[in-house]
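First, one chain by itself: the form predicted on its own, in structure tokens.
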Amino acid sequence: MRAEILGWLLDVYTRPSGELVCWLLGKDGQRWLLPMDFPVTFYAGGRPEHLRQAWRAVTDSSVQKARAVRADLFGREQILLSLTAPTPGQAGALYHQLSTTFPHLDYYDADVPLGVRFMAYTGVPLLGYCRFQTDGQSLISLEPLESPWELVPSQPPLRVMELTCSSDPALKLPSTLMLHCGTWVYHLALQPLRAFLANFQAILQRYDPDVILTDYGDAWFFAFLRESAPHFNPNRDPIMPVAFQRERSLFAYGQVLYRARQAHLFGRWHIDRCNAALFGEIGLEGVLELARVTGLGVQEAARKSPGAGITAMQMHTALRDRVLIPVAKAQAETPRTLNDLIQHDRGGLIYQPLIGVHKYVAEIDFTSMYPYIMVNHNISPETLGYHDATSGLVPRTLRPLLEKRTALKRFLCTLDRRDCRVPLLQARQKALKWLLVVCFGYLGYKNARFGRVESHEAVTGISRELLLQSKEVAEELGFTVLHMYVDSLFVWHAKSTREEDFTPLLLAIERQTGIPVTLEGVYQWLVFPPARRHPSIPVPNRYFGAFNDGRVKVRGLALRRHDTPRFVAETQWHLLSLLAQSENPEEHAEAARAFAKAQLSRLARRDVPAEDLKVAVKLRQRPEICLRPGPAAQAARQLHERGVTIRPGMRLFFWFTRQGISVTQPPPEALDLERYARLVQRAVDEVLEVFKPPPPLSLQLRLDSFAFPACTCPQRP
């Protein structure tokens, strides 16, 4: 008997048989697992004789073969072999077979994520509100009732379980686990193991969560479950086992990143908060927003970089507009001379700031400057150089994303900060912001499906021109530009001290550039400190100041670094808070110096918890290849000797002791207090040096004046 139900699409995946199944959540709270007929088509291109060989090699009668004519991103039509498999699993196996047997062929639409393909085929996004029909055995029809671009989409009533450990399993096996299930909290001892497994299984079955949030679930917990109880299945889908993906280290965004082993569930989601790239910033609400607009599954959206999200969105646009998606990028960079590279490959505009303390400075930021340039100027690989071209694939992808984030920010401005909706809306707009941040980089990424470095350079060229135009507009209105950094300006005017005084400037810049600008705020004082090496050299990305409303903003100082011990960061933050108490920070400079001296005195008395002196560093390469191992490599070697597996990109923790690096918390008398004192003094100098204190004594004299107690541990030879 057919039933028509309103609800939300939670997930789609393939079973071992190859069929596609959907998980849907009805408005009445019932969860539905329904298979669906979902044929998948991909294409092969190449020389006619090679395509005929591939045609003959496909002997499966369930696969539909046809001759097709399709166009790529640049409008070039070609004759292709079209292959349609009845299920996604069969399509994947067929593509793997053909690409292995005929590696010289070009393949298209073959490796599109299943969620992206499903959204393009049905129009229903993941987590989208929909109407579906079922006979109780399969999904008959699916109709979207919401767009992924809804400003306030309906929210499915999800059940969330949170699991935390008593310690980091990489260093020490946890003794207890804490489970939060709605209003209930359970403390489960890990031993005896049989009792723990029985209790955990009972709680999982009774609460039946849709989402399991864990700490170290990827790296430890689900692997521990598999080893301890091979027959226990934490999935809601009983047919599917837990899917594990291997750990890996990779180089991305200018740094080495580590991705721990991943554990994916079926029928419910698992998100490891310690192994999710942006979860600490955007939370579960932001992850759901990423899945909604990109088409990636929730578990993938939580773990993958924003670049994977923007690529998925471009794939969806291509599928919708019948543009071929190459498996491997075929568009190479055009050969150019050295003079061409010098002229065009220059990046964003950076203006050297004016060193010193400045009063009543306004910070003006362009809203998503590079994405707006790409949309407004129609910059895409296929439109470059064509002024009358139709809207390109990249602008078509970005336009709704820009409009949604702009609308979210405007809606947030209408709400009181105490409104309970504000944190959730902030998380969603931050998730969209990260997609917009990386879209520019992927435009020039060498392996991007729809990237081209010349387009990347065109965007930066336009941004430099727009920033210079903004500077000219500001100066025509009588403002002094103190600093410019890629997409922001710092301006000053003798008669402008309040936010409304800068409104005419904002409107003038928007009219000139066609890009929305926002006022980050007006600083009652702002400091551009000099470089450490020379007092007359400015540092473009280092500044700090206090806004009129009391907020403090810091860029480039020690407290912004991930390897700064908590004690040092808190000392520097307290100094800034003291200076922010009035519009004349010089009045509080002496009080700040007195506080810094008191902090050094605390350190000398060993009155600082060892946990606040812990240092965190990221391992950049394997420690065994380091000729002169630094602190990170030394810590890695110590952990390796203790049996801990170390990979590049991992974050390691250690302490400075008189004997060197220690990965275990040392006793207070073993800490290298002089080294920590130098870190404190350096952080203090970053803040107070610009306020011209009396000539200080040498660093060694200042440290000696506190008479650190002698260390009782053995000394190094």
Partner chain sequence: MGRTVATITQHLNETEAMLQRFRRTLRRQDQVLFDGLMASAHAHIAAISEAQALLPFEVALLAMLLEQHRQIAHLNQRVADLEQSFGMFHPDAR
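Positions refer to the first chain, counted from 1. A quick note: this is a predicted structure, and the numbers were derived from the prediction, not measured.
Below, we turn to the form predicted in complex with its partner chain, even though it does not appear here.
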**Request:** Answer for Thr503 alone: is it within 4.5 Å of its partner chain in the predicted bound form, judged on heavy atom distances?
**Result:** no
**Asked** So in the predicted bound form, does Gln343 come within 4.5 Å of its partner chain, heavy atom to heavy atom?
**Response** yes
**Message:** Please tell me whether any heavy atom belonging to Arg511 falls inside 4.5 Å of a heavy atom of its partner chain, as the geometry stands in the predicted bound form.
**Reply:** no
**Message:** Check Gly444 for me: does it contact its partner chain in the predicted bound form (non-hydrogen atoms, 4.5 angstroms)?
**Reply:** yes
**Prompt:** So which of Phe200, Tyr351, Trp525, Phe479 reaches within 4.5 angstroms of its partner chain in the predicted bound form, heavy atom to heavy atom?
**Reply:** Tyr351
**Prompt:** Which one of Arg303, Arg292, His270, His456 is close to its partner chain in the predicted bound form, taking close to mean a heavy atom within 4.5 Å?
**Reply:** His456
**Prompt:** So which stretch, 82-90, 548-556, 532-540, 597-605, is the one near its partner chain in the predicted bound form (non-hydrogen atoms, 4.5 Å)?
**Reply:** 532-540
**Asked** Taking heavy atoms and a 4.5 Å limit, what residues of 563-595 are near its partner chain in the predicted bound form?
**Response** none
